[in-house]
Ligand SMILES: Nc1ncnc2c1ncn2[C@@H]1O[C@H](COP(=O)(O)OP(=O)(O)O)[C@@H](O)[C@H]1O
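Let's start with one chain on its own, the form predicted on its own, as structure tokens.
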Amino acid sequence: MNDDVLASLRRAVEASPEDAALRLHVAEMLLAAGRHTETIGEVNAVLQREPAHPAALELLGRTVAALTSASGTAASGTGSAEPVESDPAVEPEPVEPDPAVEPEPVEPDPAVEPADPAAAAFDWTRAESEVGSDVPPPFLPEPQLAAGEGGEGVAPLEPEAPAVTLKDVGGLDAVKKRLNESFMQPMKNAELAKAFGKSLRGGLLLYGPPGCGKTFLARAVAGELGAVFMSVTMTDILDPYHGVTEKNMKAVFDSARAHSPTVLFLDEVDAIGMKRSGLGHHAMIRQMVNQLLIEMDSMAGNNDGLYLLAATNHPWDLDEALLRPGRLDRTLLVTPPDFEARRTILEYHLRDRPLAGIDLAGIASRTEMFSGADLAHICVTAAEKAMTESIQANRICPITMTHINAALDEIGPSTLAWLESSRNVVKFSNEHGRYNDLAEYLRQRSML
């Protein structure tokens, strides 16, 4: 087996863990090399995603058979001694009990479980050592009960200390400048901001097309402020039992205050703070929005070291009450990455792969309006094409511009649909000037 090819294929599997065909190909190579434990690990990874996968089940059967055969050979020593079979024509002579001797009755010990002959016949310790720890446990852990069923609601969110700052954000100089002026400088210089009458209340709303790095920017803000980072989504808060959603919301804010300085990041905030006028009789969702407003207002008197950031792809779907002064009163458009940002993103996603003759500047110049997620998809697709070529050639074929060009022929910018839909908002719903930065961005690209 070519170890270099196997190593390359495993890197490809790490990049595309959902590719069952590729993972099973790696498993076939491992089985052919007699590496049964690793084979079972790869097969089980496929079966965890698709329990009835026929090729995976068939390969697992062959692996178990090969493992059993290898174990049998090892147990029989050299294998030269032939087993002695009993003669079915000769019946064993029965032993008659002595009637003069009465057997003493044996009382069963209730503390001792009756022995299971089948279990005693199988050496589980030996089997475990042969198979290893790659096989997943037969039963999953018990799920945590929701509040109202004996549980305590959602598990508490664990804050993290981000290791990134704005220096790690490639390009986007205009976005970073506006972010620094409207949010970072006042927070870093609280006393000076108060002297100039600059309020430290309220939070920052990041909006823009999906996949353009709003969450990464929020982490970078936390790094700049020397704060821990807590990210919250609707699934962390919403609960089907009456009153628990509001308790979860309060618990999140209380936890953020307890770990201050903290950047509390509300991801997809339009799902948490949607317009109450469109909720109709959905009382539970309305109460969640109301509780969010209450918690944001409580920050006015207790916001030392608590910084509120939120992100959305659809700011026009937010309840207006969230956007008034003292709440999410600062907005920042996170645009698709510019040339320098695209170059940085491409370099990051290609850095651990075999490369040859890659023109990062050329790719960046051809990918205007591509999101960061689009650029990552290009790198993964190009890697898949190079990997397929490597399999056919039975050697490592690095990623070249040929593979990149083929990927670019298949992938287009996903931000255009969002920008098209936002154009109507700018045209007909921007009387208050909230989306002036978006209008300017669209005019620069002749889209308005």
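The model shown is predicted, which means the values in this text are computed figures rather than measured ones. Quick note: we count residues from 1 along the sequence shown, nothing fancier.
One more form of this protein should be noted, the form predicted in complex with the ligand, which is absent from this view; the next part is about it.
K.L.:
Out of the stretches listed (212 to 220, 361 to 369, 227 to 235, 242 to 250), which one is close to the ligand in the predicted bound form, meaning heavy atoms within 4.5 Å?
P.N.:
Correct option: 212 to 220.
K.L.:
Find the only residue in 355, 172, 306, 184 having a heavy atom within 4.5 Å of the ligand in the predicted bound form.
P.N.:
After the contact test, the surviving option is 172.
K.L.:
Counting non-hydrogen atoms within 4.5 angstroms of the ligand in the predicted bound form, say which of 285, 204, 318, 341 makes the cut.
P.N.:
Looking at the other structure, the residue within range turns out to be 341.
K.L.:
With the partner left out here, check for me: in the predicted bound form, does some heavy atom of residue 373 sit within 4.5 Å of the ligand?
P.N.:
Result yes; residue 373 sits at the interface with the ligand in the predicted bound form.
K.L.:
Would residue 168 show up as a contact with the ligand in the predicted bound form if we use heavy atoms at 4.5 Å?
P.N.:
Although the ligand is absent here, residue 168 would touch it in the predicted bound form, with heavy atoms inside 4.5 Å.
K.L.:
Should residue 327 be classed as touching the ligand in the predicted bound form when contacts are defined as heavy atoms within 4.5 Å?
P.N.:
Answer no; every heavy atom of residue 327 is more than 4.5 Å from the ligand in the predicted bound form.
K.L.:
Heavy atom to heavy atom, is residue 257 within 4.5 Å of the ligand in the predicted bound form?
P.N.:
The answer is no: residue 257 has no heavy atom within 4.5 Å of the ligand.
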